[in-house]
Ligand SMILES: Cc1cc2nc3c(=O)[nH]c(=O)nc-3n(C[C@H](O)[C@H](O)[C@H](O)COP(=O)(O)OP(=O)(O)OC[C@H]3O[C@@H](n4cnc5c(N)ncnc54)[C@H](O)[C@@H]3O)c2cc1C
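Have a look below at one chain only, the form predicted on its own, in structure tokens format.
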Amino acid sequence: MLSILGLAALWTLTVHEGVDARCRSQPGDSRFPKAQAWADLNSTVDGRLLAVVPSAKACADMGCTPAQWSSAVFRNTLPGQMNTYNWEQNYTSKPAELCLYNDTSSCSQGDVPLYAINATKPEHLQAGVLFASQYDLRVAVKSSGHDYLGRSTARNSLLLWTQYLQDVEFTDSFMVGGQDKGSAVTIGSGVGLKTIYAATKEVGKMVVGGTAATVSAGGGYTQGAGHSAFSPIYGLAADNTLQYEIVLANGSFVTANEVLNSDLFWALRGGGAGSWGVITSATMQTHSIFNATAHRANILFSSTSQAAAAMTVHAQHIFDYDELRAGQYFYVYNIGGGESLLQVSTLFANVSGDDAQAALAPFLADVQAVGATLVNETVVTALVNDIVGAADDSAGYSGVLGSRLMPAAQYEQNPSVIGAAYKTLLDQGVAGVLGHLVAGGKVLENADISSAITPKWRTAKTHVIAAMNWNDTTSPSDVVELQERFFAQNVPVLAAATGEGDSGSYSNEANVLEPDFKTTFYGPNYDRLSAIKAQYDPEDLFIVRAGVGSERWDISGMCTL
């Protein structure tokens, strides 16, 4: 059995000169590890090396139920799964390599890793990193698989899987370089928001997080910035992150904060998921628990013209909640036949149900004045930890997203342009337009925080997504065409509605086809990010599509361009 130190020595002997003109090793190559090498790695990681299969194959083998298939909580137990499982497929190979739910008779591996290390401690990840470097393997890093860009999976790769890094530790005084940063929680990179909310509730605290149960706060969430309905009060999740522990490409295990490896810490907060190493834990500020009120309304639009008028009204009222610093999710779903449904969920901190209803009343009156139908309205007040997150997330479907940060100035000056975009997108047939009032307030006020978050977040008011889905009967060629058409036709409508040449995008809920991802995702920070990448990962071990350094690689991350 090779020790960690032995593997580290091998890494220093086999390091490549730059990233020029090279392909990583794959099955069939002379450099690819032989069976004995994999066996030795398995011993090094305490028998935690797994052969990985696509989620449909895993479900067929274990006889999972339809409810389990669509449950992100359940799917998190499967190393090969992605919540949007189109990222498990390879639609462009000849023939296409697919493994589809209820059609596993001819399953292919597709873009699912070959092996996974089911890590329970940093040493497992160190061994995996050094093994991948020694054999020049493609690496994928995944905590939960809640990934809309397919960055957590890769064809013919070794997966470094952190789902079972589940430690949660609280402190009243988290120290960084002798400075007391106040109360905080250190969470393993596999811990989902559902678990975090329950744990913080027990100690009278809360953290900045979104609604999704299985998003791992210590995974890609904060690396992308991390938005929340309570961001107008507390800022983005990355603003609230104090420290990371991370395994680097050379196999070292380091701490990154404002004092230690401060340049890496700067990059990890907003510089994109999957590009820097394998995070084992993140430490986040905690805030005192409070009561929150959720006001929810369902509103029906009978035509796309009515949707445009109603969403113009919505844009005109977007500043109504600023004094209360409320956050809001406003999702328009395309029902078909010209009809659509707006679901509005507005979350308030320390605001009564009556006051929440009063805050929404002007919008609801004006939206009904343009002919929209208010289907229902509900108000619930509870502890914030019980109200912010979902019990589970929908998964096991196929889809892609495109998004833009919508500037506050555009809402002030051109609300009708924003409303008109809804009509165009719905007429084009998108599945939905999903809006998030998660900026302004403290997000703007935190502009002086030194991090890699694109500055466009600081001037944005909302984050808006266009979504497109398809079912398993869609042919591979049609899937490719659908994705290309979505990006060529639908995403530009959203981009034009911002009133800017490039208003930026939230890189965790976006599209890998962005032609200028350096600007769209990272803005003026890209050159500095690239320099930090060269320092900490000179061989590009950690490459993801539309991530820092990915311009040097093909779309599979297997060969340099």
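All of these numbers come straight from a predicted model, not from anything done at the bench. We number the residues from 1 along the sequence you see.
Omitted here: the form predicted together with the ligand. The next part is about that form.
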In the predicted complex, the residue from 270, 128, 218, 327 with a non-hydrogen atom within 4.5 Å of the ligand is 218
Assert contact residue (the ligand, in the predicted complex, non-hydrogen atom within 4.5 Å, options 210, 251, 435, 79) equals 210
is_contact(residue 279, the ligand) in the predicted complex, heavy atom dist at most 4.5 Å:
yes
Review point. Applying a 4.5 Å heavy atom distance criterion, does residue 151 contact the ligand in the predicted complex?
Key: yes
(message) With a cut-off of 4.5 Å between heavy atoms, is residue 544 one of the residues that contacts the ligand in the predicted complex?
(response) yes
Quick one: does residue 509 come within 4.5 Å of the ligand in the predicted complex, counting heavy atoms only? yes
Per contact check vs the ligand in the predicted complex (non-hydrogen atom within 4.5 angstroms), the hit among 335-343, 221-229, 299-307, 409-417 is 221-229
